[in-house]
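Just one chain follows, in the form predicted on its own, and it is written as structure tokens.
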Amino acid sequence: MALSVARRARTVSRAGWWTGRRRDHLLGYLFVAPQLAGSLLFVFLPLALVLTYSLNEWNVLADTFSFVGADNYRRLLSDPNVPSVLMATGLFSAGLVVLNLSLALLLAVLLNQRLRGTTVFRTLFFSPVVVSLVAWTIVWGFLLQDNGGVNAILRIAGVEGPNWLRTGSWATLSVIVVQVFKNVGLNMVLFLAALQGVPKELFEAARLDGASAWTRFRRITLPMISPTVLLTSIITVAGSLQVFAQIAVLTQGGPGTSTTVLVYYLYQQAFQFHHFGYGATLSVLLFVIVLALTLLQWRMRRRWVFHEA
């Protein structure tokens, strides 16, 4: 009798501990566990390893791995190539972001009109997004050669085109344009979705009040789609700082170092010169730059993003 009473008491105690709230908490943890495991395995663990490697010098050819402390960071501060690399990275990123966002918004506004053939043009502009990056870049490499397709078309028009990929400023512009044409469709689709969510009543009321098309765009359209502008700007800025394949295929960082952006310089140091510790240090610098720019955009959102004031 006493044994059955004790067993019943333990059962009641377990039932009292296993409440609905605890069950909901466990289900929530189970749902986020795959994402958390993926983040730990593919984000935080690589970050920790990169930071560790930056404090060491790893020579694969000599099979040596030695602790050097802050030597790689001191080398970063005294590296004479870093200022030009950061300058090339800044110019490339600024040109890419401005051109990409401007063109994507312009295309989205045009394709948001009720005109025939807009579905075809949407597909046409978005299709490069799903094309293989390397294949896309190789094709453009042939087109931009001195005797390639672009200059052939210009000669028909009586214009002598430059050697696009072997002339400093033209090489940077060429890589920017190739990258913009590759990914502008993605931002265009995001802007188009945002434009279709703007209430039509606002435009009708503004039109009745005599507002011009530019005023309606500036006072209604831009504020209403500003959250999407923030999203696309963060994605585009982060992506512009990580462009590698286009540089490697089209210019190999040249002519000179005019297109040697930080990611490509990192690749050269780590995988061409086998300075893996210094390459990891450059990776840390890239991470800090991307993080700082992302946080800056996020902090500034209150000044211009609708509903964030």
Partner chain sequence: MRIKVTALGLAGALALAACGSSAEPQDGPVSLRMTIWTGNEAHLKLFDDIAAEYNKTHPKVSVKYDTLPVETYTTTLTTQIAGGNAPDLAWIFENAAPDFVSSGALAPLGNLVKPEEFVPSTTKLWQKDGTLYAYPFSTSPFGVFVNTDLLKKAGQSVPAKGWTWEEAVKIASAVQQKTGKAGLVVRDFDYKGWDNLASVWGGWGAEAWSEDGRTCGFDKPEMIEAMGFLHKAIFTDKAMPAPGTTADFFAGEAAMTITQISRASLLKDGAFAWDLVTLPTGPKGAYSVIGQAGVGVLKKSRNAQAAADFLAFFTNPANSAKLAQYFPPPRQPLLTADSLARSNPLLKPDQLQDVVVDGIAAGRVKPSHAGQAEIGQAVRAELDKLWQPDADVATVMKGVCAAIQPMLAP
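Whichever C-alpha set is largest while still superposing within 1.5 Å between the two forms counts as the rigid core. This is a predicted model, so every value here is computed, not measured. Residue numbers count along the first chain shown, from 1.
There is another form of this protein, the form predicted together with its partner chain, and it is not shown here; the text below is about that form.
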Check 87, 207 and 303: does every one of them have a heavy atom within 4.5 Å of its partner chain in the predicted bound form?
-> no
| Looking in the predicted bound form, any heavy atom of residue 69 within 4.5 Å of its partner chain? | no
message = Check residue 252 for me: does it contact its partner chain in the predicted bound form (non-hydrogen atoms, 4.5 angstroms)?
response = yes
Contact flag, residue 147 vs its partner chain in the predicted bound form, heavy atom cut 4.5 Å:
yes
_4.5 Å heavy atom contact, residue 215 and its partner chain in the predicted bound form_ = no
Taking its partner chain in the predicted bound form and a 4.5 Å non-hydrogen atom cutoff, the residues of 42-62 making contact are 45, 48, 49, 58, 60, 61, 62
Superposing on the rigid core, is the Cα displacement of residue 207 between this form and the one not shown 2 Å or more? no
(message) Rigid core superposed, CA of residue 218 - does it shift 2 Å or more between this form and the one not shown?
(response) no
(Q) Please determine whether the C-alpha atom of residue 155 is displaced by 2 Å or more between this form and the one not shown following superposition on the rigid core. (A) yes
